[in-house]
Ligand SMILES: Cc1cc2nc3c(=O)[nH]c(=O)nc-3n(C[C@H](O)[C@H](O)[C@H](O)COP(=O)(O)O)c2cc1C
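Quick heads-up: it's one chain on its own, the form predicted on its own, in structure tokens.
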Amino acid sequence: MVALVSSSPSQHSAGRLTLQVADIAADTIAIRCLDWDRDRFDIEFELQNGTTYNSFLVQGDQTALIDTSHRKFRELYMDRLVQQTDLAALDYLIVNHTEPDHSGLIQDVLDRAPHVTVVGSKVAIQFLENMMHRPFQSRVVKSGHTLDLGQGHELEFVSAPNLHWPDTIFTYDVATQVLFTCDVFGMHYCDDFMLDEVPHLLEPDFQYYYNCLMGPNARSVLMALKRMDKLTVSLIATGHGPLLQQHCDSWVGKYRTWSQNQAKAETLVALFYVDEYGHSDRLARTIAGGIMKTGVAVELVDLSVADSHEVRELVHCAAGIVIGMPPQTGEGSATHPGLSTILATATHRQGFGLFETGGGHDEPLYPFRAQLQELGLSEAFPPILIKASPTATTDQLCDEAGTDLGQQLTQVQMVKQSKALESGLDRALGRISSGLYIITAQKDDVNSAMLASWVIQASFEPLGVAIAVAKDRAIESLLHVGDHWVLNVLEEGRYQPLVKHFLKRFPPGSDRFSGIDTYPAHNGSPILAQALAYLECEVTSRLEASDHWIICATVQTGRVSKPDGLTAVHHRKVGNHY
């Protein structure tokens, strides 16, 4: 039975705010912040029923606070928190997920209780360190790790990356069988009911929330559900909306069905690595970022905690495999068991890539590479071997390697889509002509370039231009707000050598300006000596447009090398590619 206490309401510029406190299990209290009038979430998601931000206290011999709340609730939340527990006696702050609506008051808690140990995934702790710019005690956890609070309250942690941020974990209390999931299984629904008592009222918001936040990572949802299977769950304590108890199995079943249907249509890369070995984590996530630019799903698997069944299942359904070589097992010449499982499951239809992170005693890379090639797998990018600390150049290499793999896996699908375009429409779109340009950018030690034709002047005051950049272009990572670049205008009759050069497929990490005469702009980016004109630009905003980003920039300076020269014009015959 839930014992409920309501606080007095507060008026806020964003609407009516109230707070609920309730005992939800033995020694376990929910602090629910009710945001009645919020009508939008993550900018693009319209809300019909407001939302809540749920936080929890678990007390054994030691006390843990699980997640906090949105900063708009600072006064209400902190006043209630100090009534519920002595912050001087608070031992742990468990961060299931670092998005600001759940971590917005971590700074306030640490200001009053600087002795507290913050518990979270490796990525979560890194996010918090970058966000707070202050020292704090921390403890990194992942699947299988536990934290004993005493009085039977042993907390077990479950990794759930990419739901819907890469830092997500679940926290399970063995004593009460309560699973704290933060965003997962949540919904943006605000009312006075603490539990899921009237499911038909909740179902539309539950599915809308899944579609917006969880559906794009359906494969990751299925992996998290598999890790949950061994737990006996009596209540799911979510970060948004009512807690799930009375229809718990039904809600979990919906996630499973929706995710299975979604995953069937996904192209997937399984990326295997050992999280805390060498620089594996950084390289793995950078390669994954490059893959995801191409619209291909990625499942990251830590070989130190994954069982053979999980590895086998992922390899079986993956179109591509990336492996960060794990440390040797110490059993003579025996291959790491995870690698043995991959070899036993992989097929000739798959692409692969390998990296080695300099952990010290990696499994031999080249013999394993040869074994994959003997099985008929195609290598998507040359092996990446890192023997020192990664740099920005390393990140570019890994990002481009991931992009190459993703592009290879989607090439057949893209050809099918282009052929499916109605021929009359295809030819009509192709009659839209444009100029020819080379975009160049430099950031620290990393540079890149691309041939562009989707370029327009976008404003007069301030002077601005806009370009369209495909999401899987290598240069995309150098075109975020505040970044600088150069628009090189090509000249009619003299553009062919430059176009031929920049249309080449460059290996990951290679120098795109090798053999090309350049000199630096004031903003540091390369200017092509053979360009008719150039404009130095600074990115001011980005707009997502399906498979492209629209990059808006202000123009800071420019010059024409030949006043009577004409811009090269690009005439297409079809509209399904450029």
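Numbers follow the displayed sequence, beginning with 1. All values reported here derive from a predicted model rather than from experimental measurement.
Below, we refer to the form predicted in complex with this ligand, which is not included among the displayed structures.
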| item | value |
| --- | --- |
| Contacting member of Leu451, Cys248, Leu268, Val123, with respect to this ligand in the predicted bound form [4.5 Å, heavy atom] | Leu451 |
| Contact assignment for this ligand in the predicted bound form, among Met194, Val315, Val469, Leu463, heavy atom within 4.5 Å | Val469 |
| Phe502, heavy atom within 4.5 angstroms of this ligand in the predicted bound form | yes |
| Proximity of Arg542 to this ligand in the predicted bound form, heavy atoms at 4.5 Å | no |
| is_contact(Arg16, this ligand) in the predicted bound form, heavy atom dist at most 4.5 Å | no |
| Proximity of Ala218 to this ligand in the predicted bound form, heavy atoms at 4.5 Å | no |
| Stretch in contact in the predicted bound form with this ligand, which is absent here, among 483-491, 176-184, 453-461, 236-244 (heavy atoms within 4.5 Å) | 453-461 |
| Those residues of 530-568 which, in the predicted bound form, come within 4.5 Å of this ligand by heavy atom | His548 |
